[in-house]
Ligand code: AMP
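Heads up, the chain below is alone and in the form predicted on its own; it's given as structure tokens.
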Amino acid sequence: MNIAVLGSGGREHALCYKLTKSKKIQNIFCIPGNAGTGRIVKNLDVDISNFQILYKEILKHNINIIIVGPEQPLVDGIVDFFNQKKILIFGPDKFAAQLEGSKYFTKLLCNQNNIPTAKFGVFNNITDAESFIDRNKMPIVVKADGLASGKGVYICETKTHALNAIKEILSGKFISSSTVLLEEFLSGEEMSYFIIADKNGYKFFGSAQDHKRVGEGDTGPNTGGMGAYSPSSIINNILEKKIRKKIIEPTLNGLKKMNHPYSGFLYAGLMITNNEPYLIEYNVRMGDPECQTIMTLLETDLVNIIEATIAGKITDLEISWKKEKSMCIVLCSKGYPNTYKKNIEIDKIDNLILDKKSLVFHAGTYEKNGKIYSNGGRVLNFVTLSNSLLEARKKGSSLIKKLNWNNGFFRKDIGWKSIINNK
């Protein structure tokens, strides 16, 4: 069997890593991949946004199953395209991918199915948006309606901040979004909850705590994710039952009623207030960097999981997990999430000594003439496993310091809330 993973980030490196553990695969391709994936699988330098060219490469390499990593191809309809070509592909169709592609679509689905979420309004002009602000309390959350690589969310303490954020979005800061969504601010603890679903049912696929803000103590602007740990420290049996009954199942049932049953990974970004879950957003793929932590805890063969999902038999499969905790610390280029330099050599990476419970997943990297260079804001993911989050963090931080890449920075407090509360 030949499998292709689409994407070039840390999430895709983690997926490829897990696939290499399967005995069922003959060849693994990552399209286009990065320096890290290129060292464990075969990279193909192909534009994944051009479905026709991608299709030719899929045929050329006799690829049996495609796993889609990032959200953009899903929102653009890649699953529909390859379904028509009779090639097996893992992920939701274009209609269901609106769960991430349009926040307005998700909010309407919530209203129609009584899914708990923040009160909201959607606007395409500053006047109506300002009226919504005046009718609600501060702080207020301003979001780009379309895809924004995890950066289109502003938590605004003042009306001036909110109006500036709205103007940025409406002026086209995020190409995919010409409308703005305003929400009431919900206080509590954020949590990432994952499932894997097919047309007949779903299975739990891990929980995690992401760290979106660039600065320590959760300060500064939002990023694509500065780090994460799994499992979430706030998950419990009662809360999980509420998440399933109030959020996950009504969503899946709602899509079924619209004749577009969900298939693939589904990531619910939640706010937990007094042990009650509220939906913040959906992502129609694995999170990044949450995927890196979850894949290192997964014991079941990922190929078996993908095959069962495509066949509509995921509920027949038992999925098992390691009992440890996994933490991912993201090493970023200085200046991220704003302006940063690219093409900087990472010269000491091959000198790092890793064990079975320490991994480095590449994100924004490429290899040239045997040397590895940076090619993005989020550059490397340091993932460590331990029975203690504090020990995992110490181990990951130590590896980053040994790398001693002067062009990078990282948050030294990943998992800080859980670590403080469990002392």
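Note that residue numbering begins at 1 and tracks the sequence as displayed. Bear in mind the structure is a predicted one, so any value in this text is a computation, not a measurement.
FYI, the form predicted in complex with adenosine monophosphate isn't displayed, but the following is about it.
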Open item on the list: Whether residue 186 contacts adenosine monophosphate in the predicted complex should be assessed with a 4.5 Å heavy atom distance threshold; does it?
Closed with: yes
Open item on the list: Under a 4.5 Å heavy atom criterion, is residue 222 part of the interface with adenosine monophosphate in the predicted complex?
Closed with: yes
TODO: Mark residue 190 yes when one of its heavy atoms lies within 4.5 Å of a heavy atom of adenosine monophosphate in the predicted complex, and no otherwise.
DONE: yes
Task: Partner contact for residue 281 in the predicted complex: adenosine monophosphate, 4.5 angstroms, heavy atom - done: yes
TODO: Using heavy atoms only and a 4.5 Å cut-off, determine which of 349, 118, 310, 297 is in contact with adenosine monophosphate in the predicted complex.
DONE: 118
TODO: Name the single residue among 302, 156, 169, 153 that comes within 4.5 Å of adenosine monophosphate in the predicted complex, judging by heavy atoms.
DONE: 153
Open item on the list: Within 4.5 Å, heavy atoms only, one stretch in 246 to 254, 349 to 357, 77 to 85, 135 to 143 touches adenosine monophosphate in the predicted complex. Which?
Closed with: 135 to 143
Task: Neighbours of adenosine monophosphate in the predicted complex among 237 to 271 [non-hydrogen atom within 4.5 angstroms] - done: 271
